[in-house]
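This document starts with one chain, in the form predicted alone, laid out as structure tokens.
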Amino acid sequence: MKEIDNRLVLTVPSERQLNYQELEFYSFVHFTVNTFTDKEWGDGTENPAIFNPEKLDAKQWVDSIKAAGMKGLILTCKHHDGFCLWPSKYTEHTVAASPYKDGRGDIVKEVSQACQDTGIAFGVYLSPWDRNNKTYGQGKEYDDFFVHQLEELLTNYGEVFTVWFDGACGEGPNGKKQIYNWDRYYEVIRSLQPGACISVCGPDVRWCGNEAGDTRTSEWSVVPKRARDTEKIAENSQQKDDDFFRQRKISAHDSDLGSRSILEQEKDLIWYPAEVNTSIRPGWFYHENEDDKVKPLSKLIHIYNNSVGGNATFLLNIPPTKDGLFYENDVKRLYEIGSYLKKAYGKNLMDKAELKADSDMSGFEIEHVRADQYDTYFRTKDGETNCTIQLKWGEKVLVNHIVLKENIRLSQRIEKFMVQALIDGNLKTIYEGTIVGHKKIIPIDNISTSEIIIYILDARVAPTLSFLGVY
């Protein structure tokens, strides 16, 4: 077991992965000719003349997602239909051929600028499958075209925090499937945007495994290296009009990616954190008949707690209307999310708590957990893989959430923990958990207490905590 522990300690996030995870909650914006044809997938034959979002307001998009507490926006610059939201030099199937702004529009520019002006990180989605391009299925010729478009997006629109790929793949006009040259794509991205994560079909961020917002009980960031290639398989990527796939819960065979028993069998390990992605509506693109089907606040907060609060990130899609605006019901829900998060996490009760731990190391005392940062943190002495942390208040406080964060710069270590609270004069167990990782949110139903005890019961090596919050 010592060998496994040593490898785990050495498997840590890159700086770009760390920055990505600290965004926590960010948006997808699906927008293309599909918005005007009322489809989820286009076939590439759509006439650009149908694309004319006359009221498009990128600031409305960005203001709405910022109000929700999101910190980033990923735009579908080109979906499978091949229609480009920027005037690409390498195809005529672009916004330049549409009536939008008399063919002089550049939606990628508008959105990237609105993000920059508002302090929101900007990311790009570029479908590797282009159903409009005649060279698709012809190997290097298509790859050259795809790389040219990548270069346009990564050099003309400022800093990009992510390039989001899926593995959708079909047959080209020649009846052959395109074999994507992923390594070449990655090299271009690393060269032009070294700070950008390559997500899902990429080495930096993995897909959680479904589009319903479901998450694993234990979401490990240290996983087998071979997990990196899973989503490159087209049949594992998003499927057209497949309601079962969108709502598929995680099955037992893939529910454990990173426990000791799983990793013991693996030769190579990587840091590969999970992203949870779902849409605020049933579909990814806007459909008028879904205006009354916006997910309820309770559902979205449940997903938030399980993703952001379960060592993953949360990518929530909001699709603009034909006018180029977020629909009023969607906007209302975004503001409700933001209001909820501000209220839920606005006051940290740790400010007035007395704090003790039965094990700590000189320079890494428990008091460090009051500040939400990695530069200072708590850890136990070498060889000690459990500890008890006690919080006391002079009078009873009302608690709804507890937040734990490890110092993931030193990898993910905690494997089992328990939380007890003094209720009506007796210590009662209010939560039992496994992983912590970047962030663990423990929802609690309005308990009144003057004492909380956190037991770290097991860890791979000396456990760390970079932050502890009680709300």
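Counting begins at 1, following the sequence as shown. On a predicted model such as this, the values are computed, not experimentally measured, just so you know.
Keep in mind the form predicted together with a small molecule is missing from the figure; the text below concerns it.
- Contact with the small molecule in the model of the complex holds for none of L10, W220 and D268, as no heavy atom of theirs lies within 4.5 Å.
- Comment: 276-284 is the region of 381-389, 95-103, 340-348, 276-284 lying near the small molecule in the model of the complex, near meaning a non-hydrogen atom within 4.5 Å.
- Shown without its partner, this chain lists H368, H80, R333, R206 as candidates; in the model of the complex, only H80 has a non-hydrogen atom within 4.5 angstroms of the small molecule.
- Interface residue among L263, A114, A168, V188 relative to the small molecule in the model of the complex, by the heavy atom within 4.5 Å criterion: A168.
- The small molecule in the model of the complex comes within 4.5 Å of no heavy atom belonging to D256.
- Proximity of E151 to the small molecule in the model of the complex: non-hydrogen atoms within 4.5 Å are absent; the residue sits far from the partner.
- Of the heavy atoms in W41, some are within 4.5 Å of the small molecule in the model of the complex.
- Not displayed here, the small molecule is kept clear of Y377 by more than 4.5 Å at the level of heavy atoms in the model of the complex.
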